[in-house]
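Coming up is one lone chain in structure tokens, specifically the form predicted on its own.
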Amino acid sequence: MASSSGNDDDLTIPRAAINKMIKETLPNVRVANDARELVVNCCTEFIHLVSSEANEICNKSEKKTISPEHVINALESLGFGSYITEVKDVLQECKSVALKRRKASSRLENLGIPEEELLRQQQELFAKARQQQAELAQQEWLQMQQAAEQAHMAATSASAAQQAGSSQDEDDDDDI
């Protein structure tokens, strides 16, 4: 067994997980602590055995990643073929749970609005923003035109007043 090497750093399954599985499987049975420890060690050894065999199968097929098929082939190779149907069922369940999690984590999926509708709404918002920007630019242009016209009128008035004032000065000079 892997943990019989005496190395405390060997990886093992958490005891809490094993205790929970034992309680769920055998709710009315008391299990001694040393028996629980033995189950932990057996599970660890089984995982080591299957993963090593799956790794060998993976290497023989010149792959770098162990796939579920490699694990299933390892179980068959090690004489655990009777478990393969159940393993495939669990694998399918894991895949469906993972797919549901991916879908649930997708922000688009959480909105419940199809992507096409979101795109249409986005285009509407862009068009509305462009329209508002054009209206704002037109208002600014009109304000500048009005200011320029007022400045021109003020300058024209000042010029006329100045001319009228200088004409009057000439008329006043004539009176002297």
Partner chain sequence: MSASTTDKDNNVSTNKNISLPISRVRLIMKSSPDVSSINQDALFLTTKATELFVQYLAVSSFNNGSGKGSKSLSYSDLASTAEEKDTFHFLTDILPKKILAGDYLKTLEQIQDEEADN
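Residue numbers count along the first chain shown, from 1. Treat the numbers as computed from the prediction; the structure is a model and nothing was measured. Rigid core: the largest C-alpha set superposing within 1.5 Å between the two forms.
The same protein has a further form, the form predicted in complex with its partner chain, not shown here; the description that follows concerns it.
J.: Considering non-hydrogen atoms and a 4.5 Å limit, does its partner chain approach residue 25 in the predicted bound form?
T.: Residue-level check for residue 25: yes, a contact with its partner chain.
J.: Does residue 140 reach its partner chain in the predicted bound form if we count a contact as any heavy atom within 4.5 Å?
T.: No - in the predicted bound form, heavy atoms of residue 140 and its partner chain never come within 4.5 Å of each other.
J.: Might residue 21 be said to contact its partner chain in the predicted bound form, defining contact as any heavy atom within 4.5 Å?
T.: Judged by the heavy-atom cut-off of 4.5 Å, residue 21 is in contact with its partner chain in the predicted bound form.
J.: Determine whether any heavy atom of residue 34 comes within 4.5 Å of a heavy atom of its partner chain in the predicted bound form, and answer yes or no.
T.: Judged by the heavy-atom cut-off of 4.5 Å, residue 34 is in contact with its partner chain in the predicted bound form.
J.: Which among 130 to 138, 113 to 121, 52 to 60, 147 to 155 is in contact with its partner chain in the predicted bound form, heavy atoms within 4.5 angstroms?
T.: Contact-bearing stretch, as computed: 52 to 60.
J.: In sequence order, which positions of 129 to 156 have a non-hydrogen atom within 4.5 Å of its partner chain in the predicted bound form?
T.: Counting only heavy atoms within 4.5 Å of its partner chain in the predicted bound form, no residue of 129 to 156 makes contact.
J.: Once the core is aligned, please say if the CA of residue 26 is shifted by at least 2 angstroms between the shown form and the other one.
T.: Indeed, residue 26 is displaced by 2 Å or more.
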